[in-house]
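Same protein, same chain, two forms; see structure 1 and structure 2 below, as structure tokens.
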Structure 1
């Protein structure tokens, strides 16, 4: 996953950085979100030599998540706090962690070669790919121009900068609605702009949002332009039923319209994909490439923390079997 960070750095967990990487591993795990962390725990507890690589840090989307209320054992915990617990847990049983970007993965003589942006490469018998998905863009005028100057994809990273100001949130899924809830506690006014009257988000979240006095639902509208002089000052929105256009004055716009799978590093391996480029996996998290497993958002299943963690565990247990017995199917 590529995390777009700007304005305010998040406090990251302390990372145990690995310096020498020209080594052979049983398992290399790409991505340290819930899927990767869970895979690392299961893999290292099976005594497999395990390396986790993430370009950013431990936690994946947790680092930009608000309050998590649906992960068993936690009735309410902030994403970055849970990420810190994940980091401690991930390395507890011997998994190593490297902060670097995986740029390409190839396979020679039954061994994966994982090339890193630093110029190093790592060899591994198995790869568990938990590369996640990145933010989708609206692709409207002003979106790129005002990135970091009012446009953001992460309310929990940047919401603080809009204290007592007016903001918009675009989208109708869990991310958009939970962003709007979070921002309603910080900002003077929050517009939730969604292209349909029905919401994809959990009903409980939408109901909570409707109770907020400082949230205005702008539906069914799409954003057609982001305007300003040096920073965001307003947006143009168009009604999808009658084409009426209006201008909303605001200081910030949070775009939460979903994600697209992050599979560039796998293109040389040509794994089978579906939909927008999600990796096809079977019930043991095996992809179409022998030795390559996948878990988490990249598999196109429900994008839930608990699902990613479960998939990571299955992938690691399957990988342990494969490393020990060499039998793929």
Structure 2
């Protein structure tokens, strides 16, 4: 959802690992990013027995972020610092937190059985799934090294940091072309790098991009390496037709080659999905499985912190009504 450039040395939140949990909960929330934390706050404030489970800790992608400037109320705050505030707020009203990995969720006799990597299981009347979606990576040298130091997966989050600079965008779909259009209004020069000569993006978007004087199409090329000293300074690209290699000098690289939703734990429930495997939800964050809600990046909506938090609140409010009155739709 958010990757911010030029990361500073940070201290991660100290997460409390619970040694034991109740057997039965009203609500189990999978994932402790913005969606899961927001859901936990609203759920526990309605006196529902609430458990949040995440294998990494509270914060989700915030734990990878540097400076965040697009969350209401904070003109600038480090991701891990905001994650600490999230944890404090989440547990204030009684929500419990468990560091563990959810490996499978099933349903028997109206109850969800949540199996954990530790070998334990918990039961719940309702599950709010906030498992998120991972950026698809190029898997080339330098990609992980320069994450937050010139490599980004979100132009709308980080584009401002490259005003009047040279950047590259990798991808050929709507997201990549939209990123290039957005960055062309901010940056000195934008390279759009795509492995094919044809684009998956809508023709109208591609035509708009072709009208830009400061956009250069690098096709059909793939990125083979990201280089720099402390931050991104250049990339190597290879022509897929003749294997020619060239180096492009640039200040930042935005990777937009899709997402991979984290839905493995839900395979037993077989919820309805769309696209690359995102969970299909209605306006109340209900999935096709009764009692199963979803919020955040896993729903395929705009991958922004504030959107995830709003969806988490809606899911929890809907779940509270369901737990109390038993009416699904």
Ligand code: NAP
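Take the two forms, superpose them, and find the largest set of C-alpha atoms that agree within 1.5 Å; that set is the rigid core. Keep in mind the model is a prediction, meaning the values are calculated, not measured. Numbering follows the first chain given and starts at 1.
Which of the two shown is the form predicted on its own: That would be structure 2.
Rigid part between structure 1 and structure 2, residue 268 matching residue 132: Per C-alpha fit, residue 268 goes with residue 132.
Whole-degree rotation of one rigid part against the other between structure 1 and structure 2: Turning angle of the smaller rigid part: 55 degrees.
Between structure 1 and structure 2, C-alpha offset at residue 238 (rigid core aligned, Å): C-alpha shift for residue 238: 2.6 Å.
Distance the CA of residue 170 travels between structure 1 and structure 2 [rigid core superposed, Å]: Reported C-alpha shift between structure 1 and structure 2: 6.5 Å at residue 170.
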